[in-house]
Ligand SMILES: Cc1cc2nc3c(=O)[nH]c(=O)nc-3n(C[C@H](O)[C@H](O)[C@H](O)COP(=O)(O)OP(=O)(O)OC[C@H]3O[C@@H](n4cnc5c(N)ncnc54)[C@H](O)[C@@H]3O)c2cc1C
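One chain follows as structure tokens, the form predicted on its own.
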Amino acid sequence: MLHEFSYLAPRERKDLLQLLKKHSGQARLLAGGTDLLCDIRLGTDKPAYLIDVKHIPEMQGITWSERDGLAIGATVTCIEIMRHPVIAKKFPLLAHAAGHIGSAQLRNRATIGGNLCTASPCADLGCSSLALGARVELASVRGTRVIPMKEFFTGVKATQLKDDEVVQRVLYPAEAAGAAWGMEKLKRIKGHDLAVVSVAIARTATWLRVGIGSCAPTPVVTADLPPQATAAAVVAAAFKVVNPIDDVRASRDFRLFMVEEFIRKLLPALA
């Protein structure tokens, strides 16, 4: 039996922020619901209030400018990211990552905000966004703050998001547009599945970064490396930020092995 809750569906940002303040600590936000509704059904999450954010204009849409870069509203779905012409042209790594989340049915519901706020160590949009230098825009009645995504994740399914805050947009710098890229995702089975290890690389004329999933309590990213860095140097930088565990899907040693294998495979073939 589903847990009983009150459903709220504000249409304006100011109303949403007031509801978050009023019900701080008692409410959960509904965008795609692909994780949240499962948790409620299983009884692992029992919010008193469910606040639907899909109708908030400031959390919708995709915009691009040469000065400010790419901005994606938190309620934008994976399928919208995959099909957006600007993202396909300027941030193909992001389009690729969105296209490897779950099944086609799930991609039509799952949102970028939900994927990042769930803060799973294997979040596909996490490691790819980290490689691209993304930032997260958070809003509350106190105002708006923007933090680097590498500071947003704080632990397994934990973030800096406060009880009265909402992720409003995800921001990607203009300097990352057109970056050479590559991504590999190891799964237990063919088809849609969680990542056992995932590696995303982005390289511009001034830097190279590697985002890694399923190899630490959160998605992680290397420090900025020279674009001409050798495979050995990139692997060494990756090993400084990962801390994989043994679990039912893979051992620590196997994950470390695959991180190195993916890096050495991707670097010579960056798109």
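These numbers were taken from a predicted model, which means no experiment stands behind them. Heads up: residue numbers just count along the shown sequence, starting at 1.
What comes next is about the form predicted in complex with this ligand, which is not displayed.
None of 197, 134, 123, 200 but one reaches within 4.5 angstroms of this ligand in the predicted complex through a heavy atom, and that residue is 123. In summary, among the residues 234, 59, 70, 242, the only one with a non-hydrogen atom within 4.5 Å of this ligand in the predicted complex is 59. Contact between residue 182 and this ligand in the predicted complex is not found at the 4.5 Å heavy atom cutoff. Among heavy atoms of residue 109, some come within 4.5 Å of this ligand in the predicted complex. Although the partner is absent here, residue 100 sits close enough that one of its heavy atoms falls within 4.5 Å of this ligand in the predicted complex. When this ligand is considered in the predicted complex, residue 38 lines it closely, a heavy atom lying within 4.5 Å. Residues within 4.5 angstroms of this ligand in the predicted complex, judged by any non-hydrogen atom, belong to 28-36 and to none of the other stretches in 225-233, 61-69, 28-36, 200-208.
Using a 4.5 Å cut-off to this ligand in the predicted complex, each of 74, 117 and 166 places a heavy atom inside that distance.
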